[in-house]
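Here you get one chain, nothing else, as structure tokens; it is the form predicted alone.
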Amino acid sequence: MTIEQVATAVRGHFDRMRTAGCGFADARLYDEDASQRVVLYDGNLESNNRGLERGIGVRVLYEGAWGFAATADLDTIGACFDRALTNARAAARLPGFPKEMGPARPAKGEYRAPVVKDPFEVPLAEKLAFLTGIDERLKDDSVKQRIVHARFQRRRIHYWNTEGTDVSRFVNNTFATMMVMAPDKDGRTQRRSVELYSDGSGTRGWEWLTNPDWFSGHAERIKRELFEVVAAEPLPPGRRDLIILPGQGFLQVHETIGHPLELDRILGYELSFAGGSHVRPEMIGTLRYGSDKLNCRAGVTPNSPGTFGFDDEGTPQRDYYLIKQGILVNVLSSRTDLAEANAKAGSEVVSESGTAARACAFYRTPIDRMTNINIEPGEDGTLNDIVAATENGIIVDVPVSWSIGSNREHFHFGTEIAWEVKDGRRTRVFKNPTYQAHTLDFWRSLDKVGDKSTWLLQSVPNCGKGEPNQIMELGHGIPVMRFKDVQCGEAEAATKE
């Protein structure tokens, strides 16, 4: 079926659903959902996977309950709507807060991600030549394992609903990682890596991947830093000022700001799988989340997989504060749960959708997901300026391990590398660095935020959430940040000393 034929069929079934008593219905057609993953391991082609999916997912809202169904057979759209209605009628018999969409917000338009050269039009031989060139620069007798990995995504999505919304999205995403590994004197494998990143501008196509500033030009650096880590001593435990580079800061923001501010977690809908949140609805608008230095937005960043034009309820994506001067002022939300949040808070704490309704495929229903969760640059200068102002601290970069409380109320992170800072100067490198804190105490200790020159966009290709699980893509724009008096290394060891 053509797009026009699908649209005509969908609108006809919308009329049927209204007649059956549904207050709302929508449909998402994935006309193309293509992916490719190429992995080199020690210079050998470990994986070259391509995938292609096409299908439609439909939702209906009946007596305050959702019903969802999906099909890859576009000749059976009517039966798909019927299954969704059956599911909604069954769900309506269960206890729970009635779902509602609020006032109608019809939208029309089209979004196209900025791309100069579509990676799917690049021959495999050219891709392999590029990745092999990086692998050659990573080679060294002391490097025991090398991984170079690239992943590409292309989607054409059309959305319609009973309010008259008719929007289309044409999205390309590019991801890449390079990593080198070697054992230290204790036999523990150490690693150093870098992922494709940017300053938030530019495009998302093949031209981004091949820009040496954002990826391939870092091969020699991570190899050199690996050797420094392998020769280093473990980080001694103690309390220090912690300087986080964007390569680690993105995960800090992801786990301790992004996830706990997803409204469905706040309302308890993820407790059985991915956890809840330490935030309660009545805290929105008043909670002191961090210091006055903390300004966090759900942003619209051109060169980011977290920018998509319209969410999966057809709402135009918007840019807004989540945390302003340390105060929690908004959350990540869809239209569906606003009424419940306001009822439980006892006042209106969320007034409109945070355009965070997102689904990973046509056969998954939209849930509240992160978009671009960005920390605004500050006025504390460059990385060198922040280092010069630090008497006793460490600089950390790139996560190795993470452990987070089920409500994101506390955390423990391990990173690939740490640089000691003494009296305003970088000194030695440490291996196996860790740090830990309670979330709110940590963000309230934020005392320096780097300027725009320190702000970088880190892409996230693999955020998992939902039951059944959904893997989503997004981005985090992060400046260099300093936190005062953080427990670094293991607290137990520090107590013994």
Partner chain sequence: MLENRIRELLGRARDEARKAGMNVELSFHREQSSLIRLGNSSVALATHEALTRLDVSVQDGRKVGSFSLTADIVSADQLREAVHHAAENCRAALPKDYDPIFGTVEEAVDDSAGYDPALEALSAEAKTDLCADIIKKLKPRGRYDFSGSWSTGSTEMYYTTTANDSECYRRLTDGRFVMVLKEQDKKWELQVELSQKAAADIRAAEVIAAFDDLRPVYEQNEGFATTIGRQRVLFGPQAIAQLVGLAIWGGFIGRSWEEKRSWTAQNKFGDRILSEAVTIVDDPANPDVFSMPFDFMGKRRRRFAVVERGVFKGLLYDSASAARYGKKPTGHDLASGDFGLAPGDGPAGLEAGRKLAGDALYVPHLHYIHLPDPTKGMFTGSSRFNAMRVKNGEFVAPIFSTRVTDTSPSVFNNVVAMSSKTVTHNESATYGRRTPDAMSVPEWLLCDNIRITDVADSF
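Source: prediction; values computed, not measured. Numbering follows the first chain given and starts at 1.
Only in words, not in the display: the form predicted in complex with its partner chain, which the text now covers.
Novice: Which one of Ser291, Thr210, Ser168, Gln145 is close to its partner chain in the model of the complex, taking close to mean a heavy atom within 4.5 Å?
Specialist: After the contact test, the surviving option is Gln145.
Novice: Out of Ala104, Val116, Ala343, Leu94, which one falls within 4.5 Å of its partner chain in the model of the complex, going by heavy atoms?
Specialist: Contact with its partner chain in the model of the complex is made by Leu94 alone.
Novice: Tell me, please, which stretch of 299-307, 378-386, 355-363, 227-235 lies within 4.5 angstroms of its partner chain in the model of the complex when heavy atoms are compared?
Specialist: Stretch with heavy atoms near the partner: 355-363.
Novice: Test of understanding: in the model of the complex, would Ala70 fall inside 4.5 Å of its partner chain by heavy atoms?
Specialist: Taking the distances in the model of the complex, the answer for Ala70 is yes, it comes within 4.5 Å of its partner chain.
Novice: Would you check, heavy atoms only and a 4.5 Å threshold, whether Ile471 touches its partner chain in the model of the complex?
Specialist: Because a heavy atom of Ile471 falls inside 4.5 Å of its partner chain in the model of the complex, the answer is yes.
Novice: Is there a heavy atom of His412 lying 4.5 Å or less from a heavy atom of its partner chain in the model of the complex?
Specialist: Judged by the heavy-atom cut-off of 4.5 Å, His412 is in contact with its partner chain in the model of the complex.
Novice: Contact with its partner chain in the model of the complex for Leu40, defined as at least one heavy atom pair within 4.5 Å: yes or no?
Specialist: Looking in the model of the complex, residue contacts with its partner chain include Leu40, since a heavy atom lies within 4.5 Å.
Novice: Would Ser216, Gln325 and Ser453 all count as contacting its partner chain in the model of the complex, using a 4.5 Å heavy atom cut-off?
Specialist: Answer is no for this spot.
Novice: Does anything in 179-208 come within 4.5 Å of its partner chain in the model of the complex by heavy atoms, and if so which residues, in order?
Specialist: Residues within 4.5 Å: Met181, Asp186, Gly187, Arg188, Thr189.
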